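We begin with a single chain expressed as structure tokens, specifically the form predicted alone.
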Amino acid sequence: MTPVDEWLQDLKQRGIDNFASVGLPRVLEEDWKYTNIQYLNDGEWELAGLPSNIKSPDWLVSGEVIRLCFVNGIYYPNYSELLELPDNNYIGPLDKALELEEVNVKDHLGSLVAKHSASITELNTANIKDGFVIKLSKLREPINVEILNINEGSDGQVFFHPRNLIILDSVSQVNLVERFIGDSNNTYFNNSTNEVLVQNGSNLRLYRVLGDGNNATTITNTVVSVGVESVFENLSLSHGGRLVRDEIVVNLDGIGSSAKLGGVYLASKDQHVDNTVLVDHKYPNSKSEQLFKGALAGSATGVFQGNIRVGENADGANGALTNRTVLLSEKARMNSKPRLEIYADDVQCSHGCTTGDLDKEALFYLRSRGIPLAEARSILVEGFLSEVLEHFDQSYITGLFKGVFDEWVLGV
């Protein structure tokens, strides 16, 4: 066994021990008050393997782009496209990165989540098997990356725990699309963890699309450290799965660091979607924005937990948090819990949350001009949600979000 193998085994063993002592999170925990995943204890879960037949995927991003495909959490080189990068830069699968001394996976993997320990991330650590690593330094031209997670499941109940690491140093820039798609006929549990360092004037734009199958449980945990004069942007779209929880923790760890977080969530039938966000301002003149909007139909339930924390040394911090939800049926429910924790004097922070129906007068106006009900609802929902999209540069993924909106609204 190599030193790296021993280190990784020790890391996984700590995850096993820590998870065994607490188990899956319960609704008695404040951060999980509105999301119950205890039903996972009732299944007989096993680690997923590669299915026998894997269809060639449809990629969204054209031009010069690095593509990595994962099937059931396992890197699949047949459908991946890697590009040669300058020395000391790497984009590729985790297992190969572990072998490269210049990537320094050992120095970073596990370090960020250790500061925000949670049982669900300990479960991921206990089962680290595969994932992707992005390590860039001194690359001023933006790098475009698309990650596709194909979740096939099987006849039984399978789970996978992708572990991903992103390190951007010295004015590096990345546009990253991460998609999750899955088979609606299979039952699977996808528990993904990302550790992200954006440092020294770097910029990361992350677009995440969560479109798993109807029987899927998808939990994504992203822990980010943003350094001096660096920028982290995240735009997420949730529209699939039985239960989806997209959790983001952003530490603004440098003077002038900033984060812009946006989310659109669509749920119908008995789906459950949870967006949980913490932005921690630790240094002066840091800035953050959170804007999350969604539409719920049928008996769907939604959760938004947004937290802005301003430390005592973070004078000049500026934080804003907004959550708005439209309910398209009487049975749909939304739980919104914004929170501000401010320990400094010279700050600007605000939050606001609203939940309500579609504008009846606007709907009547459209109907009176001969627009069918389904199309009129689609127009209003798209207009309501478009505010989030307008905050982000979508030229990299033109048409992706609008297409999902149209298909979803017309189907409820």
Partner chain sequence: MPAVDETLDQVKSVEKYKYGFVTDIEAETAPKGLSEEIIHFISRKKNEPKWLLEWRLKAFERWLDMKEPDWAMIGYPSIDYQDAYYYSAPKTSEDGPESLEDVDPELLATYEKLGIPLHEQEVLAGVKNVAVDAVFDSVSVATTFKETLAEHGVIFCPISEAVQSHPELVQKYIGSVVPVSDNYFAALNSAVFTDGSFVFIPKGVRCPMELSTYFRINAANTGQFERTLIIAEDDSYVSYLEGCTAPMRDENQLHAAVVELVALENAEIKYSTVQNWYPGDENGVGGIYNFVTKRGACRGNKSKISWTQVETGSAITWKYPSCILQGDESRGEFYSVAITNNFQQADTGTKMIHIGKNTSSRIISKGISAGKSKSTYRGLVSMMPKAEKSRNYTQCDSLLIGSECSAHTIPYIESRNSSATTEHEATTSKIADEQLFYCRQRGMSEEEAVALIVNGFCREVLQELPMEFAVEAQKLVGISLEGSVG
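As the structure is a computational prediction, the values presented were derived from the model and not from experiment. Positions refer to the first chain, counted from 1.
What comes next is about the form predicted together with its partner chain, which does not appear here.
Taking the partner from the other structure, its partner chain in the predicted bound form has a heavy atom within 4.5 Å of a heavy atom of residue 342.
For residue 37, no non-hydrogen atom is located within 4.5 Å of its partner chain in the predicted bound form, even though that partner is not displayed. Taking the partner from elsewhere, residue 327 is found to have a heavy atom lying within 4.5 Å of its partner chain in the predicted bound form.
Its partner chain in the predicted bound form is approached by residue 335, whose closest heavy atom lies within 4.5 angstroms of it.
Taking the partner from elsewhere, no residue among 5, 12 and 41 has a non-hydrogen atom within 4.5 angstroms of its partner chain in the predicted bound form. Though its partner chain is absent from this view, in the predicted bound form it lies within 4.5 Å of a heavy atom of just one residue from 58, 346, 64, 46, which is 346.
Judged by heavy atoms within 4.5 Å of its partner chain in the predicted bound form, the contact stretch among the candidates 383-391, 50-58, 366-374, 348-356 is 348-356. Residues 30, 33, 34 are the members of 2-39 with a non-hydrogen atom no more than 4.5 angstroms from its partner chain in the predicted bound form.
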